[in-house]
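Read the single chain below, which is given as structure tokens and is the form predicted alone.
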Amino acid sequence: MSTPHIEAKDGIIAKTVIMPGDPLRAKYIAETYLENVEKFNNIRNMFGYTGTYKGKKISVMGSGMGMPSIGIYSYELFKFYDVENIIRIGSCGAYAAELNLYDVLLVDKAWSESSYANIQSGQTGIDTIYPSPILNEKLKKLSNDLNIPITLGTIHSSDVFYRENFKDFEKIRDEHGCLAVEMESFALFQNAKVTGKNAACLLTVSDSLVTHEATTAEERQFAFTKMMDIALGMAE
């Protein structure tokens, strides 16, 4: 079957999907890491691929930027394509001085001012949503086996990228324990919660609000390989 946003045939998408924000990053992962690759989605250039990694089936698909976008794609994958696990891999901006460029963060909870959970399913008063403990434990083991250091922590999932006069990140960090900021995890975790599925999130630090260091767009597309190596180990 197809949905308004995914044209995949039944059975082509694996039970586990790695989901970067950038569809070109999905293309890079498929072409660099996977064998027996079949492209399953072209709609809106939100590329999706299924292949094998070390002989095991896995899919990779872009999510786009922000909660509305990942909210659409992850819900359709969970609800209509029988996907069981989605591991978001993306970039984040550091709120904490101890995080350096290229550090990998495994999200243990997502805090947000977003109304996504309320609008999506009428759940009021929710500002914190959790990933799947089972997936997080597997990702921690994979990172240890690969000798890739990770930081476990809370992420700020923001609805807005460009905030006028945004100077309160320190308050968000200190009051809610947020180590960094991104724009998708809260919606992904909510969709997993309401559909009874599993979701997790690995992030690479692309810039720092503390030091003002930043990576380039090309580096964000091609150089964030550590989180890719960890996530690909989830192939089944």
Ligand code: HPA
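For every residue, the number given is its place in the sequence shown, counted from 1. Nothing here was measured: the structure is a model prediction, and the numbers come from that model.
Omitted from view is the form predicted in complex with hypoxanthine (HPA), to which the following refers.
At the 4.5 Å threshold, heavy atoms of S91 reach hypoxanthine (HPA) in the predicted bound form. Remark: M183 counts among the residues lining hypoxanthine (HPA) in the predicted bound form, judged by a heavy atom distance of 4.5 Å or less.
The closest non-hydrogen atom of A30 lies beyond 4.5 Å of hypoxanthine (HPA) in the predicted bound form. Proximity of F161 to hypoxanthine (HPA) in the predicted bound form: non-hydrogen atoms within 4.5 Å are present. Proximity to hypoxanthine (HPA) in the predicted bound form, defined as a heavy atom within 4.5 Å, singles out one entry of C178, L34, L209, M46, which is L209. Across the options 116-124, 91-99, 70-78, 140-148, residues that bring heavy atoms within 4.5 Å of hypoxanthine (HPA) in the predicted bound form belong to 91-99.
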